[in-house]
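Just the one chain here, laid out as C-alpha cells, in the form predicted on its own.
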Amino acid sequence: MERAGGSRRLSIPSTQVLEEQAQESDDLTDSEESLYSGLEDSGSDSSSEEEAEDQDSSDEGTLKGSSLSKKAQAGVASQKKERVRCQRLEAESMPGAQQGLPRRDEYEEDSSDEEDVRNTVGNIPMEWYQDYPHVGYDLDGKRIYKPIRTKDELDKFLDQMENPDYWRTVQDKLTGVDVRLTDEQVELVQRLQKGQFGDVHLNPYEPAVDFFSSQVMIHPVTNRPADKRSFIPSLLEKEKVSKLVHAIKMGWIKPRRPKEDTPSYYDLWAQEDPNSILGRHKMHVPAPKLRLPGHEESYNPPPEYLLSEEEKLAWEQQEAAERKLNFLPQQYRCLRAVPAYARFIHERFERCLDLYLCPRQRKMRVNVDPEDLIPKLPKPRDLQPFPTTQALVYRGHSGLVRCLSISPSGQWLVSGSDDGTVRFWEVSSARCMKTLPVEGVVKSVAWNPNPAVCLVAVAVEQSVLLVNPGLGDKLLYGATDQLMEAYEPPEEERLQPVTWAVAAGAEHSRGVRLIIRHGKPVKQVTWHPRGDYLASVLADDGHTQVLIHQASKRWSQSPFRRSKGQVQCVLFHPLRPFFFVATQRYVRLYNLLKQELAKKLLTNCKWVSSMAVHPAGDNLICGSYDSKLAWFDLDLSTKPYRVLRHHKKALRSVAFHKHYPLCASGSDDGSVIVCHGMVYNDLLQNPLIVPVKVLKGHAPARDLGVLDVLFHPSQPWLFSSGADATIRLFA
C-alpha cells in the first residue's frame, strides 16, 4: 500500500499471480499439508498488524527448519504475505481506523451466554470421524475439533465420585462436548424410560368416540365430492364392450338359446348323485335306505348266528310281522352250492310298493335370521333418567364404610364404618353434621322409614342402638324424644331373648335413646315400612338368629322355632305382612299373619350376600358372592326369571329405587352397575331389564370394592360406600 498526496492506492495482486500461487500450493505433499492442518489453523484471527507479523515470522522460522522444497517455501511465503496484506487493507478500510477512533466490538451487544456450536455434517455415521481430529463443521464451514480427553479411568472414577452432576452429564456425539441435562430433560428421559408420553399434559385415556356405529345413519360419513370416474364413461369398459360386440358379430360368442317348453321327466329312484339333476331338485325326498346285510345273511355264517331246532320251531310259529328275521340263516360249504333265493321277486315287489305308496314327509328347514334372536332392547338414552356421573365424595371415615342409610326426606345420610364411628352427612353439601363414636365395628345402620319419627338403628357388636340424631326440624326430633319417654313398662315382666336398656349420661347426650343387648353379635338390622317394628340378624346357628322387635312396646320375640340354615339377611315386604329370610342358597317367604311358609325361592347361587324387594312387592333381586344377580318374579315362578353375570367379582349389595324403575348392584371389582328394571302391571308382560350404566370411582382395597349401594328416596341419585373409606354420590 502506498500513500501519495493524502490519497491511498491499493495494489491488488493480479489474477495470474493468484493462479500461480494456487498451483504452487497444490504441489504440497500430504506430509507438508499436515503442518498447516489441525489446531494451528483453528485459532482466532488476529486483528492487529503486530500479531500478524509475529505469526508470519514464526511461520517463516518453522519453514526454514523443515525439509520442504524451495518451491513450497516460496508458495507458503507468498500466501502469508497476501493474508497480511488483506488484513491491513480490511483494517484501514474501517471508518474508525481512518479517524483514529477505537474499534467497536461487533459482539459487544450479543446477549447469548454461550456459543451456539452446531454440526452441519447431517445424518451420517459419526464413526467416520474416528481417525480425524475434528467431528464436523459448523455454520461458518470451520472445523469442530474434538475436546482433548487425557483422563484415565482413575480420573474418570474420581470425577464420578466428586462431581454431583456426573449422573446427569452426557456426551454430545455431534460436537463431542459434555452436556449437563436440566431437570426438565431428566424428567422427560424418565417418562420415556417408563413407556409414558413425553408430553406431561397429554391424556392417553381420552374418552373414545365411535366414528362408526351399528345404527343405520341417514347422512354420509364424509363430505368428499364424488370421484371423476363415477360420472365419466370408462374407456376400459368401452373397449371391453367393443370386443364383445365384435366377438358376437364374428360368431365366436353365441347368444343363449330360448328355453324349450317340452316337459322333463325325472327318475325319482335313480342313483342319488348330489351333482345330478335329482340332487339339485328342491323338493326331492330321498328314498329310505335298506338295512345292510349282516353276518346272519352270509352263506357260511358263524355258529352263533345259526338257529337251533327249538329256535327254528319258535320262528315258524311266530307271525311274519313279529319275526326279527324274515329268513332262516343257513350254512353252505361253498358259494357255488347256494341255491337261488325263493322270495327275491316277492321282496322286490314289496320294495317297489313301499317306495310308491309309503308317504314320506319332507323336513322343512327354518331360516332364522341371527339378528332376530337378539332381544330388541331400547337405547339407554331413551331410558333416562339414571345416574351417570360422580357428583360428590363424602370423606371423613378412616376405615371401611360398610353400611349406608338415608332419611325419608332425602336430606340426611348416615354411614357406619370399621373405625368405630357413625357419621351423619348433609346430602346436598357432603358436610359431616355429626359424629357418633361407638364401641366397635358398625355392621349395619337403618333409618326409620316413618317420616314422623327421627330414629336410626345402629348394629354394633352385640347391641342395637336406637339413636335420635337431632338433625332437621326441632319439632320432629323433639316429638321423637317425647314418644320414647312416654313408654310405660308393663306390670308383669315378660321373658324376652334380649335386654332393653335406656341410655343415660354421656350416651344420652350423644343421641342414644335405647340399647337392645343381644347374646350374639348383630350383623344386620332393618325396619318395617311403618316404622314400629325392626328385625335383627345374629351371627348364630340356632333358631334365635332372627329377632323381631317392637320399639313402642319394647318387646322382642323370636319368630322361628328351629333353624333352616345360616341366615344372611332379612327384609320386610313393603305392602303385605310378608317376611323374607335369605339363607345361603334359598330365600324363604313367610306369612306373618298365618305364621307359615308361603314360598321358597331357589336362587341357583352358591352363597347369597344381599337382597332387595321391588316397591310393588312382586319382584325380588338377590346378589351372591359368585358374581350373580338373580331377578325373581314372585308371581311367575320360584326359580329366577333372569340371572345377570355382569360383575367380575362378588356382589356385596343390591338396591331398588322407590319411584324410578332403577336397580343397582355393587361389587368387589369397584364398580356399580345400574339397570333399568321396568315392572308392568300387565301379568302377561315380563319385566324389562336393561343395563344402562357402569359407575366407577371406588378404589379396591383389601380385595374389597363397593360394600353398599343406596338410592335417594325421591331423586335418581345413587350412593355407594367402599373399602377406600369414602362415600360417593352419582347423579
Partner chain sequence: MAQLQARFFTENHKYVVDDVPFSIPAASEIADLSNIINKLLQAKHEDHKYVEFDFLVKGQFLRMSLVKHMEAENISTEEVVEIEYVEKYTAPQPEECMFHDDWISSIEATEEWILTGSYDQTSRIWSLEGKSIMTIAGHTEVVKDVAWVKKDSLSCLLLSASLDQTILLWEWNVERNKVKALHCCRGHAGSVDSIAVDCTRTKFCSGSWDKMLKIWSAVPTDEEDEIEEAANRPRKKQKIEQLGLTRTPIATLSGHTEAISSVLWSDAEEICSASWDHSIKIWDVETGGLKSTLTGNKVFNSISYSPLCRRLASGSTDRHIRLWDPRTKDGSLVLLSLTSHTGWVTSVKWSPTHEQQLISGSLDNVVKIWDTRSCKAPLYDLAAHEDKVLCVEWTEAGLLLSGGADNKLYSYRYSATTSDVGA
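Please read these numbers as outputs of a predicted model, since none were measured by experiment. Numbering follows the first chain given and starts at 1.
Not pictured, yet referred to below: the form predicted together with the partner chain.
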Notebook entry, point to check: Just to confirm, residue 248 within 4.5 Å of the partner chain in the predicted bound form by heavy atoms?
Noted result: no
Checklist line | Contact test in the predicted bound form: residue 579 vs the partner chain, heavy atoms, 4.5 Å | finding: no
Note to self: I'd like to know whether residue 475 contacts the partner chain in the predicted bound form, with contact meaning heavy atoms within 4.5 angstroms.
What the structure shows: yes
Notebook entry, point to check: Is there any non-hydrogen atom of residue 725 lying within 4.5 Å of the partner chain in the predicted bound form?
Noted result: no
Note to self: Exactly one residue in 433, 602, 598, 189 has a non-hydrogen atom within 4.5 Å of the partner chain in the predicted bound form; which is it?
What the structure shows: 433
Item checked: Among the candidates 120, 182, 429, 552, the residue which, in the predicted bound form, approaches the partner chain to within 4.5 Å (heavy atoms) -> 429
Note to self: Partner absent here, but in the predicted bound form, which of 525-533, 403-411, 214-222, 254-262 has residues with a heavy atom within 4.5 Å of the partner chain?
What the structure shows: 403-411
Next item on the list: Note that the partner chain is not shown here; using its position in the predicted bound form, name the residues of 711-730 with a heavy atom within 4.5 Å of it, in sequence order.
Entry: 712, 714, 715, 717, 729
